[in-house]
Ligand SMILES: Cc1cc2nc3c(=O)[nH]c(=O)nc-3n(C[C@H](O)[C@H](O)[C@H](O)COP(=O)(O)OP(=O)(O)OC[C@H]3O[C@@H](n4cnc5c(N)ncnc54)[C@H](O)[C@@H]3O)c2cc1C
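Okay, here we've got a single chain as C-alpha cells, the form predicted on its own, with questions on binding and movement later.
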Amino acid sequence: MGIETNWAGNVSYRAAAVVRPRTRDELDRALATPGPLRPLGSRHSFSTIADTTGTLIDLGAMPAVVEQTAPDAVRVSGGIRYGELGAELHRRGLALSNLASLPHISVAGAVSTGTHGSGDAIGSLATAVRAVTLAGPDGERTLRRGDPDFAGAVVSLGALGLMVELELDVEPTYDVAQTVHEGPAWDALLAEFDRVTALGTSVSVFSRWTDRDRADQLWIKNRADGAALDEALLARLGTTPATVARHPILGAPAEACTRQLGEAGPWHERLPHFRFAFTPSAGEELQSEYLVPRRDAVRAIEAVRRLSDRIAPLLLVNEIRTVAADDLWLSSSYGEPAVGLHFTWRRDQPAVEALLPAIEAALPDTARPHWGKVSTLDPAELRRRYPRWDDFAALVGRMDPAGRFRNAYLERLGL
C-alpha cells in the first residue's frame, strides 16, 4: 500500500491506516482498532522495525508534556522530539547528559531502538530513562528503574506497546564548545585510541575512507568548564584545526551543522551535529551501524580499513564514536562500553545490502547492529550476541500475549 514512507524513502510502510491521535480518547480508540498495531516515531529508522500490515500509531500530534517531577527528573511525552525538549529544558535551566547527532528524532523512538550520541562516560539516550509508561489495548503500565522488568522495557523495539510517557534524568544546564580538527593519521589515532576518545565530553571521528592513512575529521565537543584540549596529542595525530565550519561529509555545506570553532553555547545547540531547523545529514541516504565492545574497537576499525576500497564508492561518511556501558537488555552497549561504527551510505540499497555481509563477516563476532539501521546479520547470530535475549522474549510473551505489537521484523527475530 505504501501510504507512508520513512525519512529516507527506502521503506514504504504497508499499513492499512496511519493514525495520529491528538487526545487520550483518540489514542484509546486507536489502540482498540482490531489487528496488528505498531508505534511510528519520527520515521528516522532505515529498517522495517515500524512496518505493519495493521495500524501505525504516530504520537507526534499528542500534546507535548515537559513536567519537572523532581530536582533531577522530568516527565515527557513519548512523541516529543529532542530538539523541542532540549530548548524547553534549557529554558528551565535543565539539561540532558547527551543527545544524538540529530535533534529531529522522537524520545520514544530513540529510546526504543537504543539510539545514542557519543561520550566515554555517557550512556545511550535510553540510560536517562528512570520510568516508562507503555500503553496497549488492555491499558497502561508503568515500569520504574529498579523494577524487575524495567531493564527489558526501555530498549524494547516497540514490542511491548506505545511509550506514551517517560521520566528522564536531568541536570543543571551547561554550555558546550565544539572544535573540528582535520586529517588525523589513522596509525597514530588507533595507537592512542583511548586518549583520543577522551579528548572531550563527546568525540567523533569522520572518514570517507578514500584515504587509508588519514581520517577526514576529528570533532570534539567539550563542556565549557571542562579541561583544555590536549594539544600535544593533537600534534601527534598530525591534525590541523579547521578555520571554517565543517559538515561531517567533507565538502558539503555546513549551514545545517551546529556551531563550531570553539564558540560555546547551550548543550542542546552543540551536542547534536545538526541544527533542529535544518534538514539533517545528507537527506538522501541510507544508514548502518555496528557497535562493538570497546576491547574490540581497534580490531573492528582495522577491519573496516582493510575493506575501504569496497566501502568508499558507496559511502558518504563513516562516524566512529563511543558509548558507556549499561544494563538494558537489548542495548548495544549492554554489559560493557561500546564503540559505534556508523555508515552513512549513498541511497543504493541493493549495493549496500550486497556489501554489508562482507563488513559483518570482517567485524568481530561481538558487533551488534543498531536496531533502526540497515543490517543483514542472521537473526540467530544476532540473538546470540544479547545475553538477555531469552529474558526479553519472555517479557514480550507476558506483556503482549496476543502479539498485537508483533510485525514481520520482530517475527524474523524470533519474537
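Being a predicted model, the structure only gives us computed values, none of them experimental. Numbering starts at 1 and runs along the sequence shown.
Only in words, not in the display: the form predicted in complex with this ligand, which the text now covers.
- Exactly one of the stretches 170 to 178, 219 to 227, 106 to 114, 233 to 241 approaches this ligand in the predicted bound form with heavy atoms within 4.5 Å, and it is 106 to 114.
- Contact between R368 and this ligand in the predicted bound form is not found at the 4.5 Å heavy atom cutoff.
- When contacts are judged by a 4.5 Å heavy atom cut-off, R388 does not count as touching this ligand in the predicted bound form.
- Proximity of S101 to this ligand in the predicted bound form: non-hydrogen atoms within 4.5 Å are present.
- Although the partner is absent here, S42 sits close enough that one of its heavy atoms falls within 4.5 Å of this ligand in the predicted bound form.
- The partner is absent here; in the predicted bound form, the one residue of L85, I320, L96, M163 having a heavy atom within 4.5 Å of this ligand is M163.
- Among the residues G340, P184, G200, G158, the one placing a heavy atom within 4.5 Å of this ligand in the predicted bound form is G158.
- For the three marked residues, E140, F392 and M399, no heavy atom of any sits within 4.5 Å of this ligand in the predicted bound form.
- Annotation for 370 to 388: interface residues with this ligand in the predicted bound form are H370, G372, K373 [heavy atom within 4.5 Å].
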